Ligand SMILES: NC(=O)c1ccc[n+]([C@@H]2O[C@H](COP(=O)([O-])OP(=O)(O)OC[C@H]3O[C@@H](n4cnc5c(N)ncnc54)[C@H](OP(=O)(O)O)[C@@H]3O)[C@@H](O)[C@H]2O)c1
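Single chain ahead, written as structure tokens, the form predicted alone.
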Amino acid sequence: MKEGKTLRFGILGAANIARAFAKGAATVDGVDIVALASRDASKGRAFADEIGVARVHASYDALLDDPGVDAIYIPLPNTMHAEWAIRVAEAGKHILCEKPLASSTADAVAMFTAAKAAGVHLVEAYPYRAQPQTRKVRELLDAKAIGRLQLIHATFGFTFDKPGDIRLDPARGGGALLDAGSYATSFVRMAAGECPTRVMAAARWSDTGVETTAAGTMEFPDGLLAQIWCSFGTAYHRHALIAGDAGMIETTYLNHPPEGGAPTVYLRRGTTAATERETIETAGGSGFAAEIASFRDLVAHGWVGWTGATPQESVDIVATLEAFAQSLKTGGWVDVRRVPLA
């Protein structure tokens, strides 16, 4: 995309999350949602009218063929991400894909391989990564503010029980791990700066056969240990703690603060209980808007403009989630099959 050119987005489908995406995009300079596709004509037209989009395509392929679209946002069910991301890449359009990027490591690698071959950008949507709150955490970690990392704990849970929702459908990639758990896993991967070597997990299950609450442990090459919790059956909570040998960091790693709480980072530089806790207040707002602006800059300027997960991080996140799912079946430790991207 040339400097000063508007990035023209299309939306693949009419999922509910796309409403929030469109609302965020409306506040970002240099971005315009110009088209969407829906296999249900009446639903697509109603959704387009709601978010102010003129062009509605009756098929996903028609949107991919639209010459007036530069990039496509994919909010489809998890099991459809790989197929359509690859097809979007082959159509020569950039891709912002909802989390989790894929249902398997093999699919994730295939997606990035297709994007590289087509010369387009593919990235995974984690709005919290674009927030000043998370960027401050990364800044502190890069500066070794708490020394060498020893323990990380990340959790995300809320109450959810909606019959018929795809998040409770195992055939469409449902379950707490691929939903709330993907956020917690991505946070650990970001903070650790590397992929875990092995994991173990336990869960409680719904009548539909998906895990509604899960807890997992990760082991890293340098001795770092981490845990995640995720749930569809708890009061809302979203919190992370990073403990080093010289201090600790606490954050809520929110998508859209102040929704969920104030965007604050707590820092202790020291090892005793008497160490004073520093309160670092950051700006908030729509994570979608911040993420879309970062994606716009990625397309215009390359990776220097992107604040989210790198392709390798996204592959590592999928590999870790895949290992957690295997551990739920076996009840033991499972090695993470990390695949380095070429």
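Nothing here was measured: the structure is a model prediction, and the numbers come from that model. From 1 onward, residues are counted along the sequence shown.
Only in words, not in the display: the form predicted together with the named molecule, which the text now covers.
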- Task: Counting non-hydrogen atoms within 4.5 angstroms of the named molecule in the predicted complex, say which of Arg172, His153, Arg269, His237 makes the cut.
- Result: Arg172
- Location of the named molecule contact in the predicted complex, chosen stretch of 220 to 228, 78 to 86, 110 to 118, 193 to 201 [non-hydrogen atom, 4.5 Å]: 78 to 86
- Query: Is His301 a contact residue for the named molecule in the predicted complex, using a 4.5 Å heavy atom cut-off?
  - Reply: no
- Query: Does Ala125 reach the named molecule in the predicted complex, with heavy atoms at most 4.5 Å apart?
  - Reply: yes
- Message: At 4.5 Å between heavy atoms, is Pro100 in contact with the named molecule in the predicted complex?
- Response: yes
- in the predicted complex, does Gly13 have a heavy atom within 4.5 Å of the named molecule? yes
- Check each residue of 160 to 195 against the named molecule in the predicted complex and list those with a heavy atom within 4.5 Å, in sequence order. Ile166, Arg167, Arg172, Asp179, Tyr183
